[in-house]
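Before any questions on binding or motion, here is one chain by itself as structure tokens, the form predicted alone.
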Amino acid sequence: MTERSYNSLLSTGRIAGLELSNRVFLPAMDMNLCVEGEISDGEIAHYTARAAGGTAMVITGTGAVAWPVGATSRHQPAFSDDRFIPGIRRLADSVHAAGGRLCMQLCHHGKTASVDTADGRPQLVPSLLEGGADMSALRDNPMDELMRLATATHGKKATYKVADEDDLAWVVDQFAAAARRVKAAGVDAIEIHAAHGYLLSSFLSRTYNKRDDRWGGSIENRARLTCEVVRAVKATVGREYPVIVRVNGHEYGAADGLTAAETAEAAAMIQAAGADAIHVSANAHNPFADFTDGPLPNTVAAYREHTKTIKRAVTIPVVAVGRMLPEVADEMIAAGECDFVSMGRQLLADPDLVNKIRAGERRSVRPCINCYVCVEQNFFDGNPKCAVNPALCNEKVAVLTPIARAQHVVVIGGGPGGMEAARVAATRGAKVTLIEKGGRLGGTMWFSQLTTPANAMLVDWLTHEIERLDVDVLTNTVADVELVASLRPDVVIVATGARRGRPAIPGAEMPHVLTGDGLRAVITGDADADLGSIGGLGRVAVGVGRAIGLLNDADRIRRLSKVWMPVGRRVVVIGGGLVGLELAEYLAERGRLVTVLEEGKHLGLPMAMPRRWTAVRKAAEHGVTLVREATPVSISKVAVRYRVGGDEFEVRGDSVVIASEVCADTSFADQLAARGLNVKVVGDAANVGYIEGAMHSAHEVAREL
């Protein structure tokens, strides 16, 4: 990754009377760490860590202006009473002591006010609407997840009240009163939430606002409530106090939803009402179908064009968001497309992002891999987790203390678990030797970047960090008990991954049936790959590719695989979990006719829910045949027989890929322990948990050495 100056991103900025040290914000992301609306120590630790990491301003997760009325959670900040001011002041003081600025987001949640439902109150809405969201995606949610989805509402069904004039006057007063309390607590700025389907957002949207009075119809009328709130808040806090308004630049999945052009009109009115900045996000009408379009997109700088359109309509600063990476953020600011950028998931993954970039250490920024593990917990009214940062919502584990005495740590396996264990142990001062049987680091994660390109960033980061920390890496080295013992380790960390087998059915051992490991070896041209299944021409192609280095680069493999792949035209994937579903889409995009046979009731497990819903939908859109509750019976040279209920079916398959039959494997660790060595097991070797499980277990073991 080429180092650059990031001059625009790191330049100072200003909103109203507030000077900011750079152009990076942490946008509001719900941590759910408050206790009955009170700011907790965990909430303070989270935001303080991001401020200490150089972020110019941190924006708290959405808070309820009239809490618990109009609230979405009992774990969000509350602004409805002066008794909440001391906790907010503690947060402000801590953020300021770390060198940052604090902004708090004010909201009435309207049709998503789960606490209203739980407490038996109707949710406040602009209009009553017929029908409901398509919930078919939930067929791939097990019962325990469905139960947890009902946590915030206590399983109760929502009722609604159409807002009248008195209700709307009350809403305006609640925002103004909340703003007074926030400013009194020493907070530096306020963000009014008029996006993501909450009350102000629903009034702005034709999809939800069907009124024919002065609050509905034209964009001027639909923007009236937001403008009234802004006027009241500005009258309360004063001209120099920054008031930001967050809006939807687009509403996905709704035929009559907001567009950037219409939001630009509204933004001009919001500026005229007194707003000091516009924060451009987006939203999806149906989160079960389009959540990865909005509000958490799966493409980099997804809202760039929306932001540019709105920027042209206003003269106040504009904040961009939507999977922003430092490079594109710097480019957008330099081009005048926005004035500030919000980096949410990236700052969850690495709170020190700004400080590292400023120090010229861009390659040391821990990347977000866009896996949606963090946001999944918000659906359950829980605390977010991060697959790559075990310290999220538990900031104390980010502090790695030096090892008390010199230790030689030998790590077996160069996948994410092994590399993270090596990184943490070396950071703590241990001498570390990492042994990897293959010719490259990354393990199955290196292969997974073919189907999930964001994983490449994690491979690159871990590789860079263990190089920077002088870990002794031995590739193309098969570890055995004698070799490991000869290194005289104080501790051995085994990160050899899971065992990937074959189903106990006739035909499973045939040459055209590949396990996940076998497919990876064939596609990447590993030296120990069994090429018997791909024919003479295929063996020549793989051999040439291996010889001239074509198969050493994942991007190149991804491109070349659109021309030729060492699998047949018709592919049957046995196992529709995380790996099988991603692989099926990858193969279908390359012209294969793919059938996925999943023995369970649900596809995409254990993907985080938003990613799962999107993966199932996209696989179907690519023509993949998805069969749930399908038990494989036998495999022949040309087909796979399977059973659904009491009936048997057959599907043709030139190639069969086994994406099931994955289990933990401690066999090598057991051999080492029998030799008397001090052994720890991490990652899939101990418990199949994919990247999240590998990173978290490795971090825990290495920080406790």
Ligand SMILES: Cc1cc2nc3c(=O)[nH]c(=O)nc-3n(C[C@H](O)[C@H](O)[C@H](O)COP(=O)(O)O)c2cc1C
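As the structure is a prediction and not an experimental result, all values here were calculated from the model. Quick note: we count residues from 1 along the sequence shown, nothing fancier.
Beyond what is shown, the protein has a form predicted together with the ligand; the following relates to that form.
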Flag Ser80 as yes or no: does it have a non-hydrogen atom within 4.5 angstroms of any non-hydrogen atom of the ligand in the predicted complex?
no
Can you check whether His196 is within 4.5 Å of the ligand in the predicted complex, heavy atom basis?
yes
Tell me, yes or no, whether Met29 is in contact with the ligand in the predicted complex, where a contact means a heavy atom of each within 4.5 Å.
yes
The ligand contact in the predicted complex: Gly344, any heavy atom under 4.5 Å:
yes
So the ligand isn't shown here. In the predicted complex, which residue out of Ser114, Asn209, Gln174, Gln105 has a non-hydrogen atom within 4.5 Å of it?
Gln105
Within 4.5 Å of the ligand in the predicted complex, heavy atoms considered, which of Thr595, Gln449, Asn378, Thr515?
Asn378
Heavy atoms, 4.5 Å, the ligand in the predicted complex: which of 351-359, 461-469, 232-240, 367-375 makes the cut? Say which one.
367-375
Can you name the residues of 449-485 that have a non-hydrogen atom within 4.5 angstroms of the ligand in the predicted complex?
none
